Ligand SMILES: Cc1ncc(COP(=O)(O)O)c(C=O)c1O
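Quick setup: one chain, the form predicted alone, written in structure tokens, and binding and motion questions come after.
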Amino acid sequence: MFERQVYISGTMVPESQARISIFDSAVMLGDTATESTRTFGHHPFKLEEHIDRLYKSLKVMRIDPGMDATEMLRTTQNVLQANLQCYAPDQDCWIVHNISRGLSVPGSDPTLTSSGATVMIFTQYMCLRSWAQFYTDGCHAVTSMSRAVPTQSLDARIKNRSRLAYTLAESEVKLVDPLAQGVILDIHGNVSENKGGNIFVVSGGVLKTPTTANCLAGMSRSTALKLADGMGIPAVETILQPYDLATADELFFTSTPYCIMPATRFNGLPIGDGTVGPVTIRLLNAWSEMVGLDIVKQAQDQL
């Protein structure tokens, strides 16, 4: 049976043999830039844009990956091609980049390494089962007790592999509802983001989402805004507070795997009439048409 291949700093190895040192800064410090792209019909979606964002993160983190963006794109495409035989025609996959600073040197300076950057690229099966029911039923959006890491401490536009703050927040919303999807607020009480995505509301026919002053500049976020523009749906980037979510006509999340995840409740309150709203459905249908694949059906077929 063919085994998926993983790229690690210049070498392709079978997944079962993929290893990095326990002294790598990825392990020692969580010092890792990351990107996760998905395919539609085995074709990468916005791969060039993901790599561009990856290099922006690397620049601000002061990590030299040892290759330029063009080589990173070519290498990534090679990894995908090497692994496509692992996925059935109706299956898609993640394409994941993890790039750490390298082998840490013990001492007072955490930026010192005894090697170049560790570049990891791999693919994984795109499992959508945990989100599939939300396309028709809508999820329950719940605010966490924990707040987002302030941008003054770590700019949310730097996509990094440390997930601790997100995981803690998600564990808190699961105390309210095991199937809840988290809404994280910033230290001022404004809506920030989800553990892996952005947040949108529809109010009075206007699509609204937080500015990137306190959340990731998501690729799916930009896709939703572009689709809305093409469909003549007015959209604004603005400050949102829990009140705005509770009183919205529609609410949804955007993220790479599920694209758009409708929410029909917020902190126990129904959103609008408690069903998935028409603007959300229009955007989902437009997204499916754009990528040539029925996004909802693909997820629900996995159930």
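Each residue number is its position in the shown sequence, starting from 1. Here the structure is a predicted model, which means the values were calculated and not measured.
This protein has a second form, the form predicted in complex with this ligand, left out of what is shown; the following refers to that one.
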{"item": "Residues Tyr7, Arg101 and Ser162 all lining this ligand in the predicted bound form, heavy atom within 4.5 Å", "value": "no"}
{"item": "Partner proximity in the predicted bound form: Met219 to this ligand, non-hydrogen atom cutoff 4.5 Å", "value": "yes"}
{"item": "Distance check, Arg265 to this ligand in the predicted bound form, heavy atom within 4.5 Å", "value": "no"}
{"item": "Interface membership of Asn198, this ligand in the predicted bound form, 4.5 Å heavy atom rule", "value": "yes"}
{"item": "Trp131 within 4.5 Å of this ligand in the predicted bound form, heavy atoms", "value": "no"}
{"item": "Single option in Ser144, Asn194, Thr76, Thr123 placed near this ligand in the predicted bound form, where near means a heavy atom within 4.5 Å", "value": "Asn194"}
{"item": "Options 231-239, 50-58, 63-71, 273-281; stretch whose heavy atom lies within 4.5 Å of this ligand in the predicted bound form", "value": "50-58"}
{"item": "Those residues of 227-262 which, in the predicted bound form, come within 4.5 Å of this ligand by heavy atom", "value": "Thr254, Ser255, Thr256"}
